[in-house]
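Read the single chain below, which is given as structure tokens and is the form predicted on its own.
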């Protein structure tokens, strides 16, 4: 029995003793991690046979995992063609960031209300990890970490429904940045994250909300929505398990 661990902490046991729903969830989580990490680029074909072989599971398990990713907007299922990593267009990109601008200021306000000192340490440590990824030139990991910063704010805010909705939006944002982000620019700026932390620590709800809107505008404006999407590559070259 072999345990595989992925960059977001998701794990897969390669043994066949777990039930199908559990295995499907593990495959779904691992594929989502690969998509968010940009190991699986937009438009990559997700062959049921290849995915099943990679994870040591049946096509039935793979199909359930792909359907779950489709419901989350990360995979597109095309009749008679199969499953592909979603490739959001410019209109969808705008809608995703419009949705984030609607909910994240309220999340920032709630985070300011609920803020306690240990939250600040958690967030500052996270910013340090982002900075290290940028310093190392690891843009893929930096984008993932910057998205996780927003999810940590949602956890502090305490609204589980908003946090779940934001999780989907962050995953879609990662796809959008992979497609349209200008090199080195679409990663959330360290100074903007740290400014938000300072507003939270001061319990300044209005400032936290305003800084969040400004921050999201900055990310949005750094997207080149006229860019042609990259050519897809074979799954076997991209799914690094």
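Note that the coordinates shown come from a computational prediction; the quantities given were computed from them, not determined experimentally. Numbering follows the first chain given and starts at 1.
As for the form predicted in complex with the DNA, it is not shown, yet the points below apply to it.
- prompt: So in the predicted bound form, are 45, 49 and 80 all sitting within 4.5 Å of the DNA, heavy atoms only?
  reply: Every listed residue reaches the DNA in the predicted bound form, so yes.
Listed residue (61, 176, 31, 196) with a non-hydrogen atom within 4.5 angstroms of the DNA in the predicted bound form: If I apply the 4.5 Å criterion carefully, the residue I get is 61.
query: If you check 216, 57, 209, 69 against the DNA in the predicted bound form, which one has a heavy atom within 4.5 Å?
result: The residue from 216, 57, 209, 69 that makes the contact is 57.
- request: Specify the contacting stretch among 135-143, 80-88, 167-175, 104-112, defined as having any heavy atom within 4.5 Å of the DNA in the predicted bound form.
  value: Result for this chain: 80-88.
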